[in-house]
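Okay, here we've got a single chain as structure tokens, the form predicted on its own, with questions on binding and movement later.
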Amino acid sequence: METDMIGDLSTSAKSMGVALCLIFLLAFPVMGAEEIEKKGPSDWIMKNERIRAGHGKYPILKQDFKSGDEITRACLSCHTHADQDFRKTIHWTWLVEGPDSETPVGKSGYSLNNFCISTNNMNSKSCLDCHTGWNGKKGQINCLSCHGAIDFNFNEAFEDIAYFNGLGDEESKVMAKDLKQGMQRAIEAVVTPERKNCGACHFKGGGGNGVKHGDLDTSLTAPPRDLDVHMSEAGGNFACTRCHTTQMHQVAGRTYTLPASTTRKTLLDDDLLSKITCESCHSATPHRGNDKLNDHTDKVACQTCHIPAFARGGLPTKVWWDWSKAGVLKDGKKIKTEEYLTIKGEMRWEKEVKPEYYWYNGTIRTLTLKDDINPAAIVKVNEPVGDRNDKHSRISPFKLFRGKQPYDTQTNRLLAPLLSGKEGYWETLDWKSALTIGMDHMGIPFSGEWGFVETTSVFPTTHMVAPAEKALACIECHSANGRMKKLEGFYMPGTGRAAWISRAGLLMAGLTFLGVLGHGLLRMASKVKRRNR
């Protein structure tokens, strides 16, 4: 009897729990979400939609804001932990752990590149345009840089509103009011990060649209399916965060000193894992009914076949930047053409660029301003880590960028000139001054003697993913002059030949031809002989 009562209570408790869960799931999609109508939990989950609170209803966002910092303080009144979480991320610090405690790497550390070279410890004004604060790393974070649906220049608006209000006339007051209303709409239009939010910096890094990475430019804001099957509305219609998953504002995908991902599990193995690798969703056997293609996945990255070229969206990407030729004036004025800028030097651009291929385990090895170089050789500012004997390495596609940049001829180390601002090279065209000030910001001595050295850098090619029908054909790699011809140390069918096998094959083909010819002649002779009888 007692056992039956316990069983009845247990069944009742389970039934009540199931009922409460169903009530919660049915109510959840409509809590604070005017945009999601008549959709069940499965629709919400499958389509990866987010519930968006109606921020226009919150009185705290209807203040007469005088600065960006005031806007952020209003955001933090509800999102109380966002600030402390975000300030630990690379999007705020521009730093990651380096080879030792004295050598932090990242944009505000001792890292450098062969584009705009360095942020000079965040003293380069132009670089700060992409920082996620209202005023660099000073003051509050700018929540709306990632969560604002409307592109609005807040800092300019604050100045204009103060100016128009200061004039005091009715027309100026109307203009100030219009600006305030536009600002209010922008403050209330809060979203989860969309492609245009991420792209505001990542599409235009390195000084312009598509300049740096080649597989990232504004064509991905609304791409056709052939350009990117994941981001296209006709494909997956993914936001960046669909793959670059986020926990506590930490965004998956950086490769400065650690792999972007330390696992190749699928969501079936662990539904909470970071979704940054192709295998996360597609598994290691993505080709249904094609075991031969699946045999490649332990050595060849998915991107190698599915990104046949980058800069495919109609926009060119920069492939060469020679700083040594900067500084030339014409009639006393700065030159500005597609191939040459007085303040930047000589440049080359390309579209539809075939990637370079390297063994890659997910980590990029990068130089710092403290590392010695050999100026007699081409200096690798960074390079992929991996080899064919490493089980974590795959043959992967990269943009290989080439250029020339300054180095200290006495210490044989690369230099970081200050480029932007009143004292920067772009204003003064004085290399010695720009290098002296730039290295002073970095806290590293400069001998005062400089030259220019040829350098290379690499960028993993992971976007602009083509659909299956546009992927590489086998012959693109399996041929003597195929895409993998620079990779050595292993045999790939169709790419090489042995001289004795070729000669033996020609001999056999020749003998076969002679045999067939002889047989045919004998048949003809026999036929003629029969006719003459």
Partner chain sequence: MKKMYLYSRYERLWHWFQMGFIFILMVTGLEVNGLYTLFGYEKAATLHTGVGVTWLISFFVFVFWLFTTGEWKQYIPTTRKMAEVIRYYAIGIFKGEPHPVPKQMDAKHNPLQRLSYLILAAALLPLMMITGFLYWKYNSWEAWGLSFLTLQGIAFVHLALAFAVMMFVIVHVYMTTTGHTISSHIKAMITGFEEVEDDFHSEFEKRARQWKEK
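Numbering follows the first chain given and starts at 1. Superpose the two forms; the largest set of C-alphas matching within 1.5 Å is the rigid core. Only a predicted model underlies this, so the values are computations on that prediction, with no experimental measurement involved.
What comes next is about the form predicted together with the partner chain, which does not appear here.
Taken together, the three residues Lys292, Gly505 and Thr512 all lie with some non-hydrogen atom within 4.5 angstroms of the partner chain in the predicted complex. When contacts are judged by a 4.5 Å heavy atom cut-off, Thr495 counts as touching the partner chain in the predicted complex.
At least one heavy atom of His478 is located within 4.5 Å of the partner chain in the predicted complex. Taking the partner from elsewhere, His81 is found to have every heavy atom lying beyond 4.5 Å of the partner chain in the predicted complex.
The shortest heavy atom separation between Asp298 and the partner chain in the predicted complex is within 4.5 Å. Of the residues given (Lys391, Lys330, Arg365, Lys432), Lys391 alone sits with a heavy atom within 4.5 Å of the partner chain in the predicted complex.
Residues of 140-158 placing a heavy atom within 4.5 Å of the partner chain in the predicted complex: none.
After superposition on the rigid core, the Cα of Ala473 moves by less than 2 Å between this form and the one not shown. The two forms, fitted on the rigid core, differ between this form and the one not shown by 2 Å or more at the CA of Gly505.
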